[in-house]
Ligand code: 5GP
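Given as structure tokens, the chain that follows is alone and in the form predicted on its own.
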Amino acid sequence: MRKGLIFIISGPAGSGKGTVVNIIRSRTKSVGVSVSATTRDPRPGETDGVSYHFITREKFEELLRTGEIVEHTEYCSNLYGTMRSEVERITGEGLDVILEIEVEGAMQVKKLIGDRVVTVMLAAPGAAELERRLRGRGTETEESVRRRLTRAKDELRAAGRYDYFVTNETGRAKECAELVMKIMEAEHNRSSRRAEYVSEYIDGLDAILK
């Protein structure tokens, strides 16, 4: 059974990363679902261990200190993060994990987990199209649009630290998802990840030639 990998998808607001990730998850059974940890209280209908792992801030900070939280963020005074145990559980079953996170979190995961992490940055096809997408939402103020565009510059400056850079052409999210899925499959066939299989292959040939 092949070992699962961790694929990180990042990109500026308006890059369409959420749509692309949802398409990938709907088209393959080889991707597991990682349940995040949070310090906020459960909402009606939410189940511990299914919706989130609901833990105290003290417990979250302890897991963070010991490297058991591989990436995290804070929103509205609550902490949210990905637990190493969740990642190891899923990849141990031979499934991949997709994390849709920002640049800082991506670098955290890569530092803690290493060569099992593959990073992909998505982007709209050009600055003008990114602006059009943000304004087209109809929910952003002028200040918010400018803030997101400014942040996009910082995120794109980090593109060279990613393994892949993929343009999500307007109206072609399915094609973009298919390209990312090809990247995922190619990474599983990277020779450095197939060393155990090759070794067994050679041992089999040795047994035949005896």
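Owing to the predicted nature of the structure, the values given are computational and were not obtained by experimental measurement. Throughout, rigid core stands for the largest set of C-alpha atoms superposing within 1.5 Å between the two forms. In case it trips you up, residue 1 is the first one in the sequence shown, and so on.
There is also a form predicted in complex with this ligand; it is not shown, and the following applies to it.
**Q** Give a yes or no for residue 119: in the model of the complex, does one of its heavy atoms lie within 4.5 Å of a heavy atom belonging to this ligand?
**A** No, residue 119 stays farther than 4.5 Å from this ligand in the model of the complex.
**Q** Might residue 27 be said to contact this ligand in the model of the complex, defining contact as any heavy atom within 4.5 Å?
**A** No - in the model of the complex, heavy atoms of residue 27 and this ligand never come within 4.5 Å of each other.
**Q** Is residue 43 close to this ligand in the model of the complex, meaning a heavy atom pair under 4.5 Å apart or at it?
**A** Contact check for residue 43: yes, within 4.5 Å of this ligand in the model of the complex.
**Q** May I ask you to state whether residue 148 is within 4.5 Å of this ligand in the model of the complex, using heavy atom distances?
**A** Result yes; residue 148 sits at the interface with this ligand in the model of the complex.
**Q** Among the candidate stretches 110 to 118, 85 to 93, 125 to 133, 72 to 80, which one is within 4.5 Å of this ligand in the model of the complex when only heavy atoms are counted?
**A** This holds for exactly one stretch, 72 to 80.
**Q** For the stretch 22 to 37, return the residues whose heavy atoms include at least one within 4.5 Å of this ligand in the model of the complex, in the order they occur.
**A** Residue within 4.5 Å: 36 only.
**Q** Does residue 119 count as moved between the shown form and the other one, where moved means a C-alpha shift of 2 angstroms or more after fitting the rigid core?
**A** Comparing the forms between the shown form and the other one, which are aligned on their rigid core, residue 119 does not shift its C-alpha by 2 Å or more.
**Q** Would you say residue 43 moves its Cα by 2 Å or more between the shown form and the other one, aligning on the core?
**A** For residue 43, whose C-alpha is compared between the shown form and the other one after core superposition, the shift is 2 Å or more.
**Q** Out of closer and farther, which fits the Cα atoms of residue 75 and residue 105 in the model of the complex compared with this form, where the change is 3 Å or more?
**A** Here the pair is farther apart than in the model of the complex; there, closer.
**Q** Hey, the CA atoms of residue 60 and residue 112 end up closer or farther in the model of the complex than in the shown form, with the change being 3 Å or more?
**A** Relative to the displayed form, residue 60 and residue 112 move farther apart in the model of the complex - a change of at least 3 Å between their C-alphas.
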